[in-house]
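Okay, so here's just one chain, in structure tokens, the form predicted alone.
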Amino acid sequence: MRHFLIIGHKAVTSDDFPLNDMPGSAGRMDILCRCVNNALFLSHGMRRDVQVHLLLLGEPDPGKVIRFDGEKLRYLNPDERSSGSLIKKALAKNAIEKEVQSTPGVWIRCSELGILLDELKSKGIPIIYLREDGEDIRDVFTSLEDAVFIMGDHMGITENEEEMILNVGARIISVGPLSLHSDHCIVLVNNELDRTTTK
């Protein structure tokens, strides 16, 4: 199972945002929607072995995690509005510490980065921090198939977040020498891993 964890620093945590203004009033929710779509969609199907974890840190109730599970996911179409609608439905739920399912394959709960990292580490899931100066993914891809890849939104990763990520033993991996959008990094990670697992 591949995992992608995207931190949305301004992404709103209530369902009262309009789907036609996700870049503005929704706190760059459009970035998270693109990440969801690029992580899960194939040309004529969906990746059933991928999970996407969105950590929403915007107002009014920071610290909500929405999880998309490709194996069980339904009602997602390959456009930002569709994924935005599923996020909106998840945020309409009364989120607690335990996951609550909003639609098939989509869950929401209250949590924070430190808790997520500890949970992933306790499950033995390798934690990968994508950064330009890391090891080249092409040199280490054989050990990455069941890992979680962590990236930020348009604001990147803060110093405090980076410290938490590195403190749980994350490996720093690069998909190239230039700074790229998170949704583009996801496409590149999927492609590199596809090239090894589909041979």
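The first residue of the sequence shown is number 1, and the count goes up from there. Predicted model only: the values in this text are computed from it and were never measured.
What comes next is about the form predicted together with a further copy of the same chain, which is not displayed.
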Exercise: D30 in contact with a further copy of the same chain in the model of the complex, heavy atom 4.5 Å: yes
Contact test in the model of the complex: S179 vs a further copy of the same chain, heavy atoms, 4.5 Å: yes
Any non-hydrogen atom of H53 within 4.5 angstroms of a further copy of the same chain in the model of the complex: no
Contact label in the model of the complex: R47 to a further copy of the same chain, heavy atom within 4.5 Å: yes
Contact residue in the model of the complex, chosen from E71, E119, E97, D79 - any heavy atom within 4.5 Å of a further copy of the same chain: D79
Region of this chain that lies against a further copy of the same chain in the model of the complex, out of 163-171, 30-38, 144-152, 57-65 [heavy atom, 4.5 Å]: 30-38
Residues in 177-193 with any heavy atom within 4.5 Å of a further copy of the same chain in the model of the complex: P177, L178, S179, L180, H181, D183, H184, V187, L188, N191, E192
